[in-house]
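The form predicted on its own is given below as one chain in structure tokens.
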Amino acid sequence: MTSVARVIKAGFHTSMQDFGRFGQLAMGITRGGPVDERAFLWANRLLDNSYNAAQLEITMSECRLEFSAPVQLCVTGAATEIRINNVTQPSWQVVSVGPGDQLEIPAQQQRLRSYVAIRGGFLANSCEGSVATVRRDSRGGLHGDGRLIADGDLLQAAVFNDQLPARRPHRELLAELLSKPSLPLRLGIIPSGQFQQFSSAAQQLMVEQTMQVSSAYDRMGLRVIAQQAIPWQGEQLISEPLAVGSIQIPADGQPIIMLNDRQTLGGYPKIATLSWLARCQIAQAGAGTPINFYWQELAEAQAQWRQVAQFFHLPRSG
């Protein structure tokens, strides 16, 4: 199939992601998928794509593509603006490009991840039902083996523009999606795992202090710096399944938040799990970002997720 774009500059960590690889945890195969699901889902919605259409996830570096066919595209996430043929345009909107046009997503300083979607989605061979790139599992991506996008790669469209119905009228985005978040980030967490086995003092320490995102982060997870360590006096645990957004408390009392490429099992005690919105917020939080956790009712977090699933037409099993 003919390519629609060539990667001129991939950056140091650009991967292909669809919504993720589900149903494989028992095999030790993790999910992958976009770390900032909200930005990913909005890009596909603005293009009238399936929620699962594959995109490029660009982390903290410049990325440049040159197109060889007419394409409608959308850039969301960290990037507040993009350049097409060196002309600056706002992100979070649908843009049309043609043969020879170049798209540049500038490197971001404050936020981490940008998403590039095209109408119809990018094409790659599916691996266990998904094209999501997971390097640690050597699965997914453009070549099916977990490799990142590289300079010179040729990108194909799953469905070409001329095979798609006309797009629906333009929809206005919510202002909150385009504005910079206020700091410190307020992140809702739900008691889970070994919460009841933590002392009331430890439970309170999770929410009464401002913590910071450390420089130790990747798609597997991130470490948080707490001025007052979260104590655990319980017994050593047997490894058990880890959910995306789980907050583990290791021996040093400094929380670890598990993200999309996490290992499927973990033996540290878990005090909480991030809500869906909190996961999307932490996905864009660079080193030094101040954060405040707050205890969120499970029913409230579930109601928010149901609204998200309905709005973006997600399957119930997702």
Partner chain sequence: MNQIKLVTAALDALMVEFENRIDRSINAQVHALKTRLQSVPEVLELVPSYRCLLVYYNPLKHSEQQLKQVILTALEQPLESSDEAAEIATIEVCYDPSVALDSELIGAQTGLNTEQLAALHSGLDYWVYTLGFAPGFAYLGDLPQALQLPRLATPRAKVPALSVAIANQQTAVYPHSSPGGWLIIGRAVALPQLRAGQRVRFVAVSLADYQARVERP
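Residue numbers count along the first chain shown, from 1. All values derive from a computational prediction rather than experimental measurement.
Keep in mind the form predicted in complex with the partner chain is missing from the figure; the text below concerns it.
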property	result
Residues G33, R223 and F293 all lining the partner chain in the predicted bound form, heavy atom within 4.5 Å	no
Position in contact with the partner chain when the complex is considered in the predicted bound form, options E240, D145, E208, D218, heavy atoms within 4.5 Å	E240
Residue among P70, G253, G28, G267 with a heavy atom within 4.5 Å of the partner chain in the predicted bound form	G28
Residue contact check: V7 to the partner chain in the predicted bound form, 4.5 Å heavy atom	no
In the predicted bound form, W276 touching the partner chain (heavy atom, 4.5 Å)	yes
Interface membership of Q197, the partner chain in the predicted bound form, 4.5 Å heavy atom rule	yes
D162 within 4.5 Å of the partner chain in the predicted bound form, heavy atoms	no
Residue stretch of 110 to 118, 76 to 84, 173 to 181, 131 to 139 approaching the partner chain in the predicted bound form, non-hydrogen atom distance within 4.5 Å	131 to 139
Contact set, 177 to 211 vs the partner chain in the predicted bound form - heavy atom within 4.5 angstroms	I190, P191, S192, G193, Q194, Q197
